[in-house]
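Take a look at this single chain, the form predicted alone, given in structure tokens.
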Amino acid sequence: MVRIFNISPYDIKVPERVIAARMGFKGLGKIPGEFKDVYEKVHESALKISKPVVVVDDYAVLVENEEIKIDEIKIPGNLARSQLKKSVKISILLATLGSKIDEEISRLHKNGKEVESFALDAIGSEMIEFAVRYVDGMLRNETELKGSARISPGYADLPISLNLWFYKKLGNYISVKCNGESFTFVPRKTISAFIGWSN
């Protein structure tokens, strides 16, 4: 059964040190003072215009000769085998912040506000990651099964082309599209993931 989680952006707690690292200030643990005003202004904007939503569905798993299959697809690669091959079911997640944050990043860029555009892009990237972590935690709390690491297409040897399958299965629920050539999502602050569940 498909489940849709609408999350208040104010419930997504991204540590400042994480955004600082994303912006290139790794090791400092915080946003430098000269960028603090920009960060706070842009962060508040991100909270106002983002509409985090995560859609989740569960699939039975078939494992044959080290091949992992759900629905009509194979999930190939060493990463998938290490995390999913013992699963009794696999959850798939598709999450987005919506289109308004993309539009604001582009608007700032076109108006020559490159620092603000860059900061908003960094904040959005971490917000969508932490939105998925938020739902990931909810899923783990509601089951006695053991959850695998959450893995996403495009990481290690898990093909990014799997994003097209995610789009076909879940995209219509949250107004997400997928480019058939690059396999990137629109809106850009959108990610997909698998979680395996074992006894």
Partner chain sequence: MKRAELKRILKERVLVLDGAYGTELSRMGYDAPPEQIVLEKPSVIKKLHADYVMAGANAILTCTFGANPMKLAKYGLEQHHDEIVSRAVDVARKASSEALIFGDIGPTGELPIPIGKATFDDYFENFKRTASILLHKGVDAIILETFSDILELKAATLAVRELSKDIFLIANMTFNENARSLTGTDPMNFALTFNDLDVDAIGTNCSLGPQEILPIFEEMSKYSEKLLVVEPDAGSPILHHGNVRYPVGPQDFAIHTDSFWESKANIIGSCCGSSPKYTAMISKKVGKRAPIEEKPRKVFAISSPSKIVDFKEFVAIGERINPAGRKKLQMAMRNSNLEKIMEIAKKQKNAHADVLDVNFGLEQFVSVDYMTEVVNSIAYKIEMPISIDIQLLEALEKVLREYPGRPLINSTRVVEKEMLTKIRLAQKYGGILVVLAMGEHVPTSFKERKSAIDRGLRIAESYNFPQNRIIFDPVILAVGAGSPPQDTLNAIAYLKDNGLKSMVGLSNISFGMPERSYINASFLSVAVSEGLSAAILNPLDEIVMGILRSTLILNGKELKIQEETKDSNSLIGLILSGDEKKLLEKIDVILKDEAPMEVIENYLRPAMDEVGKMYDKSKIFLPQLILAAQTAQKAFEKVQSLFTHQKSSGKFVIATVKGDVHDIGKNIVAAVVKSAGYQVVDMGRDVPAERIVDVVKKERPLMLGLSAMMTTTAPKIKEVTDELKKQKIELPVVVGGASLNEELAKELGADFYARSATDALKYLGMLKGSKG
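Positions refer to the first chain, counted from 1. Predicted, not measured: the structure shown is a model, and the values here were computed from it.
What follows is about the form predicted in complex with its partner chain, which we do not show.
In the model of the complex, residue 172 stays away from its partner chain, with no heavy atom inside 4.5 Å.
Its partner chain is not drawn, but in the model of the complex it has no heavy atom within 4.5 Å of residue 57. None of the heavy atoms of residue 9 is located within 4.5 Å of its partner chain in the model of the complex.
Proximity of residue 33 to its partner chain in the model of the complex falls outside the 4.5 Å heavy atom cutoff. None of 51, 69, 133, 168 but one reaches within 4.5 angstroms of its partner chain in the model of the complex through a heavy atom, and that residue is 133. The three marked residues, 140, 147 and 181, each reach its partner chain in the model of the complex, with a heavy atom inside 4.5 Å. Applying a 4.5 Å heavy atom cutoff to its partner chain in the model of the complex picks out 106, 109, 112, 113, 114, 115, 116, 117, 118, 121 from 106 to 124, in order along the sequence.
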